[in-house]
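Below sits a lone chain in structure tokens, taken as the form predicted alone.
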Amino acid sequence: MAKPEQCGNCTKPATIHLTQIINNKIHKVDLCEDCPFKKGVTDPEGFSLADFLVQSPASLISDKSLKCEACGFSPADFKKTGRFGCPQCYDTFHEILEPMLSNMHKDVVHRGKVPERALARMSRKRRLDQLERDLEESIKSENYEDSARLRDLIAEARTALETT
């Protein structure tokens, strides 16, 4: 059986485990129930993601008139619970949410993940579709030199698509 971890500040068993990342280095602190106040940790309920997130547009957060029309949720409710009340809240609190997300992630739009091979195949398929549209346009405009060139490119694109 594993021995319980000891408080980093005294000899009591550690019951509170904090992890902090500073300059890409992980710092872990194990504390007993009494020592967090000595170390300056003042929130015994733990770290609130909403408190962390709701830092920038203070005027919007304190605006008591701003509420979701669908569920009546306010920015204060979000700060308190760390969650929105309904899907409409994402649109209502867009001005608050976007700066927070841009601070946390590279982009504010989730683009999902696609396997590399599938992505390459989709790219080839799109190219083939575009070449076929270009061929139709060149035939309509009676530009037969371009049509012949596009026909050859389409044949190459189809071969490349079939081999992947």
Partner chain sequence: MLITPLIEAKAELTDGGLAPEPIVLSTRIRLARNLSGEAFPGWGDSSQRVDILERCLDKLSRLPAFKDGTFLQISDLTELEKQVLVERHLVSRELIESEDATGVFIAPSQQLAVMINEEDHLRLQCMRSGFNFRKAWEEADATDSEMEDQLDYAFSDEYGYLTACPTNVGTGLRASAMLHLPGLVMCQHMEKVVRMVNQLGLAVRGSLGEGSEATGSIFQISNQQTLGESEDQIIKRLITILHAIIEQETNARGVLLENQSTMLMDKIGRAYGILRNGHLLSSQEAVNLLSLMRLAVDLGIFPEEKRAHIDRLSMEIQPGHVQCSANADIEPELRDQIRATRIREQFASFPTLDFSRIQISPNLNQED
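From a predicted model like this one, the values you see are computed outputs, not experimental measurements. Numbering follows the first chain given and starts at 1.
This protein has a second form, the form predicted in complex with its partner chain, left out of what is shown; the following refers to that one.
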property: Partner-contacting position among L66, L128, L135, M100 - heavy atom within 4.5 Å of its partner chain in the model of the complex; result: M100
property: Contact label in the model of the complex: I139 to its partner chain, heavy atom within 4.5 Å; result: no
property: R83 within 4.5 Å of its partner chain in the model of the complex, heavy atoms; result: yes
property: Exercise: K79 in contact with its partner chain in the model of the complex, heavy atom 4.5 Å; result: no
property: Contacts with its partner chain in the model of the complex - residues in 102 to 121 whose heavy atoms fall within 4.5 Å; result: M104, H105, K106, D107, V108, V109, H110, R111, G112, K113, V114, P115, E116, R117, A118, L119, R121
property: Distance trend in the model of the complex - C-alpha atoms of M122 and R111, change of 3 Å or more; result: farther
